[in-house]
Structure formats: C-alpha cells, structure tokens
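Only one chain is shown below, in structure tokens, and it's the form predicted alone.
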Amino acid sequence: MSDIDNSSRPLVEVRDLRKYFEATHGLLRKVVGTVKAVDGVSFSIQQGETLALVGESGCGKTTTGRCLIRAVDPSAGSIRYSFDNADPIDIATVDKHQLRELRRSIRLMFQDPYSSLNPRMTVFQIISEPLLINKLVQNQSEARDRVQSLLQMVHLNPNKMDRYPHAFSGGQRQRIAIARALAPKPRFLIADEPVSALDVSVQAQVLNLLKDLQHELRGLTYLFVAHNLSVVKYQSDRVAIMYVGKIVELTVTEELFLTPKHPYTEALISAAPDPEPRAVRRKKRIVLAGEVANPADPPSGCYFHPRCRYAKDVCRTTEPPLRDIGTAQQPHQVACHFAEELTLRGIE
C-alpha cells in the first residue's frame, strides 16, 4: 500500500466534473448533438494515494485525466488542488499564468512511449526540456546533473543520455517518459494507460518502478487510468469504475474485487484473465448483452440498464445517484438502486 496521508484535506478534490463535446455534421459543421464524455464525476485523492480510474474504451476516463491538468477545458464542475500546501485552488478556473505554475506540480504520463517522445531530440533534451522551460536549472551543466540523477532513479544508464529514442526498447522509452514527468518534482502524476503498450514481462518492471518511486518520493500521488483489472488490483489503493461518463462504483481495491456492488463491476471482474487457468474450478464469464451506450444519446434512467441482467422498471426510468453504502471507516460508493439487495460475484 502507498504512504497515504489521511490526516489532512485531499490533495485533489473533483466535484461534478463535466466535459461535453459538440457533435457536428456536414461541410458546414452543423451542431447536431452533444457528446457527454464526462458527466458529473466526483472523487477525491489523498496525498500519497493511487486512485485507479477503470472502464471500457470510450467511457471518459482519459478525458477525465486530461481535464485535471486542463489539457482540455472542463464544461462544468470544480477541480480543487492543494498547491504547495496553500489553500486549494480550482484548476478549472485558473488563468494561463497560474496554470503554467500548476503544471510543474501536476504531470501527465502518456500511454504510448513510441509516439510520446520526440524522435529528433536526445534523451537529455527530452528530460531537460521541462527543467529549462520552467527555469528550474541555471545552466546546461546543472541540467545534465539533474538528468543524470533522474535516469538513475528510473534505472537507466546516464551514459546513454545523448542517444535518441529509437535506440531504446519500449520499456526503456517508458522509463524515459517517467523521468521526464518527474523532472519538475511534481506531487501529482496522471498516468494514462502507462503499461498497456508494453510487453507483459516489461509491464511488471514499470509497475514496480512506479511503486518504488511513490515510496521513495514520499507524497507522490497517482491517478492511474487503466482498463486492465490485474494491473489495477496490484497498483491501486482505491478504484473508481466508470461507465459512459459516470462513476458507478468507488471503494478500496480489496473490497471492490471481493464484494462488488454494481453489476457492471461484476461483469468486468468476471472478464479478467484467470491467474490459474489450469484450475479445475473455473469462473464463468458474464457476457453483457448489447453495446455500450452512446454518450451522445444515452438511455433514460440508469445508463447500464439495457445490458444489466438485474434491471427492473425503476432502472429504466430513474437514474440512480452515486451514494455511500459503506461505513465511516471504509466508504463504498455505488450508483445502483439495488446495491444492498444484490449478491454479486467477485474474485474467488
């Protein structure tokens, strides 16, 4: 588990975050609808914690992460961030000057190490760029010392800092990307599918590195965007499950995997690969009917009801709020009318 600081206010507090995109058609780009990519998302992250954001492709998890760093501007809602231990400021409303300062403390780590690194820049130039732009070093000599330290931190040979990205493997490139993200000494790192483009054997090395860095750099906080539940189970302290732009379940990792309370979470867990495929007793996968709802034209009531085998009439007409059914010591939020009544299957 991470070194979580539960004694103070959250490092990040997101309330009713929304991001809508206009859907256009034809040469004149006529607006024909609205795509609700993120639709009323709320969560908080304590300093030193890893919160995983999980869901199918198109559920809005990447857009949520990009809203937190203002790579895209939110349509509504607040993103309160405790910057330099001062009073929280709302990232959604700060001006460009404040945003530049914030981006030293909040960094984004991209999914594909093959496309996120400039092939015309050396490793030294890639990692030192945020240091020079933010004037965190005084000269090239100081920059080289800092880059050398960062490369050692991510277990790469500093003697190779003058090489170009094509000379490195996928796992090594992702380590370079991690070093670049850590260069300004951030407190909050948004990791967008950081290992999905890597071989399975390399994934474990990068995940262990991220855990070690969080322990070494005390207070480093992660928002871990992923779809691989095996990775999420190993990496996170808490998990938020997203479906069509909304969070449908949020609780600590162990409880979510043992006792899921939302039917969508149960289906995701059943689809995860079995770590013991030769076991005599095998779990039965839950195959969901239909397709993921269209965020431009979501169904009435609960967005998940067309695919839910437990759905009743109220699910088709009334949207369930995200409510807490856990305890004060262990909150468990879920958006389901029948969360207390259902007995859902977790991991065996």
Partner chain sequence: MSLQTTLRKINDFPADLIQRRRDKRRKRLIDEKGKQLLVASQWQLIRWKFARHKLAMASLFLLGIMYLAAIFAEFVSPYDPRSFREQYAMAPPQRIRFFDPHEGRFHLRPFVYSITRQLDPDTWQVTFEEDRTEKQFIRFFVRGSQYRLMNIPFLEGNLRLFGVEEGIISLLGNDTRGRDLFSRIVHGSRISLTVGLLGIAISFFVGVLIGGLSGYFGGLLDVIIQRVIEAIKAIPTIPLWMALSVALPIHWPLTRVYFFIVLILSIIGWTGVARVVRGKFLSLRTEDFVTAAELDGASTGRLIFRYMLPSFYSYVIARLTLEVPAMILGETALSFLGLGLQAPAISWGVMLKDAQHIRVLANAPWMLLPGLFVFIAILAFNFVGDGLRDAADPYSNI
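Positions refer to the first chain, counted from 1. Bear in mind that the values here come from a model prediction, so they are computed numbers and not experimental data.
Separately, the form predicted in complex with the partner chain exists; it is not shown, and the next lines address it.
- Message: Taking 4.5 angstroms as the heavy atom distance cut-off, pick the stretch from 257-265, 231-239, 100-108, 75-83 that is near the partner chain in the predicted bound form.
- Response: Within 4.5 Å of the partner lies stretch 100-108.
- Hey, in the predicted bound form, does residue 172 get a heavy atom within 4.5 angstroms of the partner chain? Flag for residue 172 set to no.
- Message: Is residue 118 part of the interface with the partner chain in the predicted bound form - any heavy atom within 4.5 Å?
- Response: Yes, residue 118 is a contact residue.
- Task: Flag residue 158 as yes or no: does it have a non-hydrogen atom within 4.5 angstroms of any non-hydrogen atom of the partner chain in the predicted bound form?
- Result: Contact check for residue 158: no, nothing within 4.5 Å of the partner chain in the predicted bound form.
- Might residue 66 be said to contact the partner chain in the predicted bound form, defining contact as any heavy atom within 4.5 Å? Although the partner chain is absent here, residue 66 would touch it in the predicted bound form, with heavy atoms inside 4.5 Å.
- Have a look at 142, 199, 87, 162 for me and say which one sits with a heavy atom within 4.5 Å of the partner chain in the predicted bound form. Looking at 142, 199, 87, 162 one by one, just 162 meets the 4.5 Å heavy-atom criterion.
- Task: Scan 134, 205, 253, 270 and let me know which has any heavy atom within 4.5 Å of the partner chain in the predicted bound form.
- Result: Checking each option against the partner chain in the predicted bound form, the one that comes within 4.5 Å is 134.
- Item | Members of 163-197 lying within 4.5 angstroms of the partner chain, judged by heavy atom, in the predicted bound form | 163, 164, 166, 167, 180 sit within 4.5 Å of the partner.
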